[in-house]
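This document starts with one chain, in the form predicted alone, laid out as structure tokens.
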Amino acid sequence: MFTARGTQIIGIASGKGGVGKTTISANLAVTLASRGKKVILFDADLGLANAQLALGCKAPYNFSHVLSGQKTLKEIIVDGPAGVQLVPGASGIQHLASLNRTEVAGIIHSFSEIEEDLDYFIVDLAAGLSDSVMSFLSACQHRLIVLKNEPSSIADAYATIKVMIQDHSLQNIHLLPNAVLTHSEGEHLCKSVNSVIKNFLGSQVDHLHPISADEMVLRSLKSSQPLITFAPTSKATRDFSILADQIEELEHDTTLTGGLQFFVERLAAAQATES
């Protein structure tokens, strides 16, 4: 059953695609698992699922089989590097990218099956502002917004955060710069975005250690291996280690009754609100 400490539920999202969100989700999951943590990665980028490629996993079934009732959630989970468990998404099945209420209700039911002790449940979300993305973000304890130092990425990250704060009253939002040339570039990027958030939303968000631009990231993806095992001494691997340190230090809400139980309850509440 659930531990008293509960599972940390971390949603990783972005305003636009192509910023490396799935690469970050997969490598963060492997980094935490390599430290002896029990980690499940849920590829919730439904319709364009590729976490299994980043992990180098083969998944005979995916989340579409759960929604159709052909398989249970436990039956589709596959083991990945360092002990990460992956809930595969449904690549190429476009209607899953925008789930209806019945389908999300099916997701809620399926996750209620998992009762094992977990340290981290990482949710790799689709890019954009769909209702299903916001439902998932509402059900997480911490929300990481991945962005690059590019005008479109910055604008879309701000738009995502604006909806999260103004329309859904979400907190525990963390900016995560990716593919920066220097760490100071990442720091400056976060300060700039936070300045806009403060001026227009009257709020502020946290930021996490940036991930360096590193050719080894692309090479690892082409090799279908996590970066931290493909190039353990690379710049970006060191960044993921520091990022994992920060994730381990994130505040745990000790009032929660349990990890995935919290996720399921919050996901149901988000759907009820939208209804």
Ligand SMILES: Nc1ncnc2c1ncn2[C@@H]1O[C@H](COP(=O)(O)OP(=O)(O)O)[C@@H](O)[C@H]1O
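One-based numbering along the sequence shown. Just so it is clear, the structure is predicted and the values come from calculations on it, not from any experiment.
As for the form predicted together with this ligand, it is not shown, yet the points below apply to it.
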* Location of this ligand contact in the predicted bound form, chosen stretch of 208-216, 31-39, 241-249, 56-64 [non-hydrogen atom, 4.5 Å] -> 208-216
* Asked: Here the chain is shown alone; which of Ile10, Val19, Leu260, Leu267 has a heavy atom within 4.5 Å of this ligand in the predicted bound form?
  -> Val19
* Asked: Looking at Asn178, Gln85, Ser132, Thr160, which has any heavy atom no more than 4.5 Å from this ligand in the predicted bound form?
  -> Asn178
* Could you confirm whether Ala231 comes within 4.5 Å of this ligand in the predicted bound form, counting heavy atoms only? => no
* To do: Would you give me the residues of 126-142 that have any heavy atom within 4.5 Å of this ligand in the predicted bound form, in order from first to last?
  => none
